[in-house]
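For reference, the chain that follows is the form predicted alone, supplied as structure tokens.
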Amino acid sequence: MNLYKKYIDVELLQKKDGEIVPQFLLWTDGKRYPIDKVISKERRASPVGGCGMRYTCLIQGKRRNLFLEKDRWFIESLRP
């Protein structure tokens, strides 16, 4: 698999206890994808470079890794 780091916009819910829950991915073509479920959340490094809080999510029935790296979000994405 040929993955790369793709920075994206994310809509999220920040709970009153400070917990961050990503809700939607906003793709560069303007499409908005709901995050069906956050499976896990843990501090990890990505094989594509960078590290931070990794959110393993279900998006349209597919398991994807979404990272909060400092103050930016990226997803491990397949090269076009």
Partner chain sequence: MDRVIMHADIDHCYAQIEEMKDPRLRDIPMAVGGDTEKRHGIILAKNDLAKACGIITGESIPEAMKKCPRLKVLHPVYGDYVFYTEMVKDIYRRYSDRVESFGLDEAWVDLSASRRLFGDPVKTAEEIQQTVLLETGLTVSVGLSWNKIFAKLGSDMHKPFGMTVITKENFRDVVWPCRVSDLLYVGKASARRLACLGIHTIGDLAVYPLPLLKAYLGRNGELLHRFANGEEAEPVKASGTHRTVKSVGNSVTMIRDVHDIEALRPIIRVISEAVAARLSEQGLEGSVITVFLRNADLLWMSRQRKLADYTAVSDGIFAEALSLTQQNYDFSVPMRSFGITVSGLRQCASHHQLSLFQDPDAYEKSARIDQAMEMIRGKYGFRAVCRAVTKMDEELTDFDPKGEHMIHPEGYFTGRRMNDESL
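Numbering follows the first chain given and starts at 1. Since the structure is predicted, the reported quantities are computational estimates derived from the model, not experimental observations.
Another form exists, predicted in complex with its partner chain; not displayed. Remarks below refer to it.
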*Determine whether any heavy atom of Lys5 comes within 4.5 Å of a heavy atom of its partner chain in the predicted complex, and answer yes or no.*
yes
*Evaluate Lys62 for contact with its partner chain in the predicted complex, applying a 4.5 angstroms cut-off between non-hydrogen atoms, and reply yes or no.*
no
_Residue-level question: is Lys16 within 4.5 Å of its partner chain in the predicted complex, judged on heavy atoms?_
no
*Is there any non-hydrogen atom of Ile39 lying within 4.5 Å of its partner chain in the predicted complex?*
no
*Just give me the residues of 46-79, first to last, that have a heavy atom within 4.5 Å of its partner chain in the predicted complex.*
Pro47, Val48, Gly49, Gly50, Cys51, Gly52, Glu69, Lys70
